[in-house]
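Shown here is one chain on its own, the form predicted alone, set out as structure tokens.
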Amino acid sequence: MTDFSFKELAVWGYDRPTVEKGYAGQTLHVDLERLQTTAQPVTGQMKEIFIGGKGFDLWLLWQAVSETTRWSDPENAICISSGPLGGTPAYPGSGKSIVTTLSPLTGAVIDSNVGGYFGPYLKFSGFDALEIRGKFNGQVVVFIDGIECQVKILEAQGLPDNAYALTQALTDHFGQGSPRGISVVSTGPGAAHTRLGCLNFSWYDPKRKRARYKQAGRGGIGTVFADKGLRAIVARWDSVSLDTNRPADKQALKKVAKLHAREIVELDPKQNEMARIGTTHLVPIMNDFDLLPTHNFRFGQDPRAGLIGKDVYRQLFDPGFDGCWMGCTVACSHGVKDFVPVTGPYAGQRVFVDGPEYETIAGCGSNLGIFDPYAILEMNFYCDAYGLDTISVGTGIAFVMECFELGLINSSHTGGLELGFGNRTNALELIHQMARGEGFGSIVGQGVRRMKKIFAERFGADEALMEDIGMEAKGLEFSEYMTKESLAQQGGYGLALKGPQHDEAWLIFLDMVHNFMPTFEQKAEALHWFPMFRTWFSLCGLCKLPWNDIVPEDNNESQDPAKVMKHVEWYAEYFSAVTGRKAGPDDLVRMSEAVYNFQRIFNLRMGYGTREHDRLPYRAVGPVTELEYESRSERYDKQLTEKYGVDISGKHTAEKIALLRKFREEQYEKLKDAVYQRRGWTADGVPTLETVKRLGIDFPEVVALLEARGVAG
């Protein structure tokens, strides 16, 4: 173990409030430049409008930054919050944290919903949210000790570079013999050298006697963390029970928690087996329905998909309980024990790999043409150790591989690396280069949007073609679902506030597998309701998986099976039981609607948040190349003739691609119009004054911002 030491720069003692009805009643603010720590009260307005979690994060960040703030400015804040329901040990999926900042990739607000124990431990230590501003010229650890009621800012010397060793060292050091009472937020060297940095949130696994990880992956949050001179944030807490949140109605909470937990235990083995195989169950489903991204989203199927599917990982995962929060019956956070990497600093050593989950398998596997589960495990391990987002890494390297195969770049540009699809060795080498900030990996680590500019300016690559095949929107790399045949998921990605991430509107399964929204009108309505309701989980500190990944056996017989309304009603009961604020399903959606619209306005404040920013690369909509068209020629020819009434006789493939593009792009623009209208936005995608007044977010600065953008009352 590396020798390390700490120097106390500041110590702040506080009186820990008693959590009441899910709230501690104050927020913690740490300024790394001034080395100051303060607390501020949570107002009734904050709880009424912003609820908690992402809502609190957004409100704190709004006050911290201005319209001219950039991600690397000291005033950009990293905000972390759980929510009023976060930290409940009896209800499945109730241990989440939500992290929010300005993104190095998009320039706008980014947020990530992540497991681990940090958010609940932060709240039980006395704080509903944490805001960290400023920068430190060196490396610091912020230690929030809820037992001793102290917050310390510690200058660190000699801490390990990689995240795994760092977290274990800090868990041992601060745990004082009780490692389960520690949760660490950290990143690794890749975050400092790229724009793709993720944060690792830990919990201690007593069976395996090690700290485990979940990632706040998207948008470069770890890069902001590293830029501030932060090595880690550590929270220390003691025992947790159903009483720790001091719910308003403990008996009502116990009743609804028991219903949902029991249903998962009974039905998960019959449905998705998430307690055995996690989200790997999605691989064969996505492949069967032509939705598994392959070769930079060119294709949606591959006969080798079974080599990286659930049956393989069923054998590789270490058996045992794998919940990232206490008592969660979904228990989907699996890992592989005694894996031996063949490259990099851990070559030849036995390590534990947290994961992989579906997104990593698809992004670092099929999308790169790599169908080797061990190569995927190695990429998964090193991305975590280096603090890199596996989704942006996978989608970014896939773009590079297609550019290489199309001749847009060559080995003279890549430092001699042959980067065709399927080259696992050089894909891993790129990850190691990203971590070191060296070679061609330093370019890949800038993300797809900046790579397109660099390839055009330095290498003379075709800009128009790269715009079509570079799978980013708003500057964020796509998560791993093929959307060419799902207009609903095209909207789910293109209209998502932070960029194409599935947590806001994951409609691909409902649209393409279950066919729950066959009409245009149903798709447009779904793009209102689902993003609004899914936002609610991040307000409250919850995981979305218990809602609609495991469903009641009679769900298909319900009036609106896509929404799983039985579970929505349970969540309303859960919220009411903890907070004492009586709520029904419609109330949950309205809570989310207020925060969702506020985030759209926040994006507008930062120079984004209008129709032009809701565009998609054409590959997300339809076939770009002749190879793609011809791989599904029967389908596309049929659509041109039957759906659009085109006589295709004598037409070359390039002509048919152009015709199909015209029709599909028109359909996507029509969808934007319908969704904007349903959400109460202008034709340019801006919330109207009537909408913000209805939702209670008509703060003077919001109204002034809208009026300055020409939105009239």
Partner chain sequence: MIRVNGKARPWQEGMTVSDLLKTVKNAHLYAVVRINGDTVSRPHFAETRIPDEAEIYLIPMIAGG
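Numbering follows the first chain given and starts at 1. What you see is a predicted model; the values in this text were computed from it and never measured.
Omitted here: the form predicted together with the partner chain. The next part is about that form.
Of the listed positions (618, 509, 299, 636), a single one reaches within 4.5 angstroms of the partner chain by any non-hydrogen atom in the predicted complex, namely 509. When the partner chain is considered in the predicted complex, only one residue from 181, 323, 344, 561 comes within 4.5 Å through any heavy atom, namely 561. Not displayed here, the partner chain is kept clear of residue 168 by more than 4.5 Å at the level of heavy atoms in the predicted complex. Taking the partner from the other structure, the partner chain in the predicted complex has no heavy atom within 4.5 Å of any heavy atom of residue 429. Proximity of residue 459 to the partner chain in the predicted complex falls outside the 4.5 Å heavy atom cutoff. Put simply, residue 624 is far from the partner chain in the predicted complex: not one heavy atom of it is within 4.5 Å. In summary, the region of this chain contacting the partner chain in the predicted complex, judged by heavy atoms within 4.5 Å and restricted to 593 to 601, 412 to 420, 561 to 569, 444 to 452, corresponds to 561 to 569. Counting a residue when any of its non-hydrogen atoms is within 4.5 Å of the partner chain in the predicted complex, the hits in 511 to 544 run 513, 514, 516, 534, 544.
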